[in-house]
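This document opens with one chain alone, in structure tokens, the form predicted on its own.
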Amino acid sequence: MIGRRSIALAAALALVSCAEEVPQVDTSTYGAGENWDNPGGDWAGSHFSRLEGLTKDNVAELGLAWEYDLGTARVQEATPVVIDGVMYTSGNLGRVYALNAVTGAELWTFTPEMDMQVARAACCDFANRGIAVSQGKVMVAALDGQLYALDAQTGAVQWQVDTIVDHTRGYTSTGAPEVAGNLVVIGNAGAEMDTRGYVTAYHVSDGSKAWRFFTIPHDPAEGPQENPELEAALDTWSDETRWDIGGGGTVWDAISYDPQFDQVIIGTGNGGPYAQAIRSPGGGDNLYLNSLVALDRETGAMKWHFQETPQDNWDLTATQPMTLAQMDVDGTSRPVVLHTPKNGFFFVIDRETGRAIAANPIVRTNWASSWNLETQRPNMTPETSDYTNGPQIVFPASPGARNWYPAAYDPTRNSYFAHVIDMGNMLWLPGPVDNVERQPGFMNAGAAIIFSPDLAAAAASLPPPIRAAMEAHPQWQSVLDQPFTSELRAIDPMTGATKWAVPGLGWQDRQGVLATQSGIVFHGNVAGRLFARDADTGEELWHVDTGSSILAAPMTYAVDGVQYVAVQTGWGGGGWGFVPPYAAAYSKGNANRLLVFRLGGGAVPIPADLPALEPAPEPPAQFTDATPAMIAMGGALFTENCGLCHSNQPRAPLPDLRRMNAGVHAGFNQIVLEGLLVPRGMPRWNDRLNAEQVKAIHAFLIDSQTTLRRRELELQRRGLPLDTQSLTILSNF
């Protein structure tokens, strides 16, 4: 007879024998070699390459090796992965492409199936920031939150899992999954909506869930928190917290596996709503919003946390890409995280303890004056940043000093290369804080925003009390003197000092970066130029005009001794509806391409210019019962519900609804209320808008189209182009 102890021992041995092997990561070398095996390039996410086939002396000989048409015309933010001569990358919505890395020949593609009603929950376009590869699988998170594992050789679905905990709320997925040993970790977007943030780890082998970590507590009236760390965090939220709205804290990017300590470090998002007076009346730090949180890879238990923006009031997320490194600190080599979040500070954080070693501002920051390393807290300045009782001009702006576009770290030069935006915004509350209702699955940001480059022009149209508060603000002169700067910089991590800088094109220019050991920095811009610069001086060594807007970070790899540089092109992301006139997407359209270069390559085909704009079509007759009040109501409803996507600007990525043809006007109700165009990404609105409200919106658009057509016909009569500048000149016509 076998005793219970023997049975237990046999069961334990069986579990051990069936346990998944945890792959080990070699951290002895820094930077990517011939392969670029994840979007960040190496185990550290450094966007740094050890390859030296391209040098300062020969980089000017780069030419096009091949190009690939991605088949779409929306945002491209992913950095490709190359493993053993095969390139894998993702496109918008979570499309995946596998290509021959030498020729560009298509091996397979994958397009996820989804209900495009999800588009209504996407605050910032259909972005996807990359794939993960492990155990012969290519993993991607689609916009609707489905995580797919695809066979790396064929693209066939190996497993699929729904990562979203509550489909009544505005969750989406836009970040790249992160492989952590035998697990793959993914978060979700939606803090502007009505969500509660979390990350989930799944087994790479079969997609089964290993653990889930929520980034903020739930309503304590619903029972105990999921783990002790959330019980502790509950003390940092007020008793009147609006748990029904969600709270925010989503992990929409910034997930890094640290193999040295077998931990997953996540960056958490903003509070929802933005204003703490709505979200957590009475204050509190609101853990773990806007924090770096280190989780044990095997269990998901928290090891440490570091909150970069306590009491978040300004959408200053900590979800920007992290770089792991080893740095000299007071004569001792320490493992660190280099992090430049939205809030304007450059943090060097000890990966073992979670304590900040350095924290220096790299832009204007008036939400906090400085950082206290002794208390590990910012010296906050509510007198110049709390907009609860009236408008405030806050630096940096909600797009952030840094955002999703990756930086690169070169340890041989101790230089951190990053695109930095120094800009503010005016924030105010459009209504009382105690009268806010949750908008299910929709925007719940709760604050009005105007960015500093637009403030002077917007002043005349603002309500007098808001305009007066703006012009009396102590930061107003700073806005007038310098509305913004947009620069690519080489930065010393420990001091935050700029070693060199080159100007960008505008605040809507976003530039991902690649650095190489041979001393070259690669980056693109939205005008469609790809640059190579001297890493020591910033001097331009080479550039090529591509005719396609570039946001994503370039990468480099080698096959059979030949080094290549690749970059994806396509305008979009946050503010995507307002394509700037200096962008290639404005003049040449937004056909998405993947461009790959090598020494001795050829010329890049440049897309043709878009045809000149024609005057808006003549709209149908206005509704007989349309009154000025009805049109005004329609304008307000349009701004609240439609304006996030339909900017109604020239060359906008989505249709300018002031240019609707007769067929669209005739089917307006079917499109808006019945979902006629849902498969094409236009959501239905019958759960938020009734027929009377949709009629008011339609009346507003007919009125707007009538005005636009009159102005454009006058421009045409005068021989002027139909562009933003000319329309502004005739704005009173």
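One rule holds for the numbers: they count along the sequence shown, beginning at 1. All values reported here derive from a predicted model rather than from experimental measurement.
Quick note: we don't show the form predicted in complex with a small molecule, though the next part is all about it.
- Proximity to the small molecule in the predicted bound form, defined as a heavy atom within 4.5 Å, singles out one entry of Leu654, Ala469, Ala626, Cys124, which is Leu654.
- Exactly one listed residue, out of Ile671, Leu708, Leu64, Leu51, brings a non-hydrogen atom to within 4.5 Å of the small molecule in the predicted bound form: Ile671.
- Proximity of Leu147, His167 and Tyr198 to the small molecule in the predicted bound form is absent: no residue of the three has a non-hydrogen atom within 4.5 angstroms.
- The stretch from 41-49, 54-62, 673-681, 25-33 that comes within 4.5 Å of the small molecule in the predicted bound form, counting heavy atoms only, is 673-681.
- The small molecule is not shown here, but in the predicted bound form it comes within 4.5 Å of a heavy atom of Asn641.
- Although the partner is absent from this view, Met660 contacts the small molecule in the predicted bound form, with a non-hydrogen atom inside 4.5 angstroms.
- Of the heavy atoms in Tyr68, none are within 4.5 Å of the small molecule in the predicted bound form.
- The closest non-hydrogen atom of Ala447 lies beyond 4.5 Å of the small molecule in the predicted bound form.
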